[in-house]
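Taking the form predicted alone, here's one chain by itself in structure tokens.
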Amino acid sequence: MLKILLMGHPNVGKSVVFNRLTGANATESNYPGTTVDYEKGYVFIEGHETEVLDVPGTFSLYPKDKAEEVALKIFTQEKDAVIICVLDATKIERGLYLVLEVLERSRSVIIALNMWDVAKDKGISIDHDHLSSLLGVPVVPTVAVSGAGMKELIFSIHEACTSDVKSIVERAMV
């Protein structure tokens, strides 16, 4: 079964994205450490049941507290999972360090630039297509509280899964 890990800093909206994807009702709070364990839910993508894990907030893959230890453990155990790095679009530079750490470990990665509406309201302009080109992964603007960008995010998950299957088959044929 395909798995998706939602990773990112505390307070970037991972649990809201999780709820939007799975229809669950995970705790959504505006303070760090709300999710110290993980939540599990399911979404159907192209007719396939997909497990989604809402990973505790982490600033890096080098843990400094219990929540980060749990995040690293899940990340390490779920080697074949698609990683959705949820970033706060108003503070994108803060989240890119974690994204680069995840990318260094050769994972299927999608970036969800959450709080896109707040960034626009603050006059922050992000060329998400250029960022996608630079990093070599899909970058999807989202507003999880309203559901904006969720269809595009699911499409990116489907594309990531399809390209992973293709690359596995291509490697096996060499």
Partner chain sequence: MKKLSEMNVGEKGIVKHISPSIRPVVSAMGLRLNETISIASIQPMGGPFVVSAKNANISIARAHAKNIDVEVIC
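Residue numbers count along the first chain shown, from 1. Being a predicted model, the structure only gives us computed values, none of them experimental.
Only in words, not in the display: the form predicted together with its partner chain, which the text now covers.
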> Might His48 be said to contact its partner chain in the predicted bound form, defining contact as any heavy atom within 4.5 Å?
Replying inline: no
>> If we define contact as a non-hydrogen atom of the residue within 4.5 angstroms of the partner, is Ile124 a contact of its partner chain in the predicted bound form?
In response: yes
>> Taking any heavy atom pair closer than or equal to 4.5 Å as contact, tell me whether Asp80 reaches its partner chain in the predicted bound form.
In response: no
> What residues in 92-111 sit within 4.5 Å of its partner chain in the predicted bound form, counting heavy atoms only?
Replying inline: Glu93, Arg94, Tyr97
